[in-house]
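Shown here is one chain on its own, the form predicted on its own, set out as structure tokens.
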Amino acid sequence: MSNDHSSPRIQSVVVVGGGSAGLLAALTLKATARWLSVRIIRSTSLGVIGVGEATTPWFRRYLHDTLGIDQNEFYRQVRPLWKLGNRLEWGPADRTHFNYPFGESFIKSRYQSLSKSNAYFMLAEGIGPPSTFSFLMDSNRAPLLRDARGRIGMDTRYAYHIENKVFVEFLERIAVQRGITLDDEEVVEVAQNKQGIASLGLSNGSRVSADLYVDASGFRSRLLGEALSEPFVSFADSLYCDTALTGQWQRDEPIRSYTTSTTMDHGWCWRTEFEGHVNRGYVFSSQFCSEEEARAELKRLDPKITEPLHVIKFSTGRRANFWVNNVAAVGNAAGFVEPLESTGLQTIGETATRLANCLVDSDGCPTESMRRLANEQINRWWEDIRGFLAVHFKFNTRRNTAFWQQCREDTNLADAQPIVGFYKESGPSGLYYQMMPKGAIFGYAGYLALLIGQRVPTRYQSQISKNELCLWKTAIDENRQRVEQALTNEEALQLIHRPDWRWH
């Protein structure tokens, strides 16, 4: 059965920009819409932003299932570290941290013999999720656990820490193997027509054209922002930080199985883990802090950090639409939020997947209604991330500097406002979970981990008996004991990098 379309079939794609955004977009299109001819235009002289990438569990599944990247090959060449969740040195100052572990179903689930979901007991205890992953995080252990017979199995709900430069080099090799053309040139001219982009002039004097252009040019947004003038929707009233200062040091300490987020005077610091080194980044607001002050504060936190420290300027927000005419943007060309919950690579993958699915479902001739729905869906993703991150800033009471005072007083919760309002009135009721938008990135379980972990006030008063609390603590002790059978991160790395190890 043929499909009658007014526009010609999309058969060729030019991706402007390499890096993880351009390469993942190209690989997604090639893997999903297999008839496409895909070409990447990028300049190696521009280099790669060398910060470590922390990811979500969704991204690991996307990498190996959607893109079909072999796990053995990936571990052998990229050498990622697993990430079991986020440790937040955040919220009330009377404790060191709380955890936001993956495997979030723990929060909404209910142990046998208990009348309420686990979230109610977390609220009563005032703690983060005491799940298996949380205990693994606190003991610096890997998701490789021994059973009663001594056999080792892996809990696969984890995410990755990935060294960006190595990851990009790996993706380039995969792209070439799969028939994607990589050109080492710069775009010096953009010619337009009524369809959007007509052709691109390159630094070697040649011109290229395609049926569809993917803008992966980073913050510059060369095609969508500069050429097509798609408006930028700012998130500055929810997320005040606009600068990142990054550095690293050689590892001389045990490997942590999580990303650390640390409250600072004028923003926050991330810490990502790699075998040979540790990566740190201070994300701060230039309205409250100079680059020199941020540098000094970062070095007080981690004196081992080595020069040079790299400065990244950014604006938080999104383009009004990621897909306009014959241009679709991915990564920073489409939008950017802080890396506080490690959503960057997932957003690239989600955007590229939506684009590829539209091409497949329309036999290469996407309709206006498809484009509109894709834009609406990706916009909801951006707004979902914005609201969730805003909750981090609105309710962090750890420090009382001018930056944090303004965050608590003025942060716009945006789409998170009704979720927070419901929690303040009703506590961790599972009813709101039923009302969450379908496909929300974090879900109500994610919000509960954050709201309970930061001790956001609620009028709900827990009605939990002493007997139930005793049963709860018994179940938690079982989780803690199970973790004692897990390998340390160092033991696990020795095992998985043996020549005879195979991922199944």
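Since the structure is predicted, the reported quantities are computational estimates derived from the model, not experimental observations. Heads up: residue numbers just count along the shown sequence, starting at 1.
What comes next is about the form predicted together with a small molecule, which does not appear here.
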Report yes if all three of Gly19, Ala244 and Phe336 come within 4.5 Å of the small molecule in the predicted bound form by some heavy atom, otherwise no.
yes
Looking at 471 to 479, 34 to 42, 440 to 448, 64 to 72, which one sits within 4.5 Å of the small molecule in the predicted bound form if you count heavy atoms only?
34 to 42
The small molecule isn't shown here, but in the predicted bound form which of Ser217, Ser134, Gln248, Ser238 has a heavy atom within 4.5 Å of it?
Ser217
Contact assignment for the small molecule in the predicted bound form, among Pro366, Gly331, Pro101, Pro143, heavy atom within 4.5 Å
Gly331
Contact with the small molecule in the predicted bound form for Val187, defined as at least one heavy atom pair within 4.5 Å: yes or no?
yes
Taking heavy atoms and a 4.5 Å cut-off, does His97 contact the small molecule in the predicted bound form?
no
Determine whether any heavy atom of Asn86 comes within 4.5 Å of a heavy atom of the small molecule in the predicted bound form, and answer yes or no.
no
Do Gly52 and the small molecule share at least one heavy atom pair within 4.5 Å in the predicted bound form?
yes
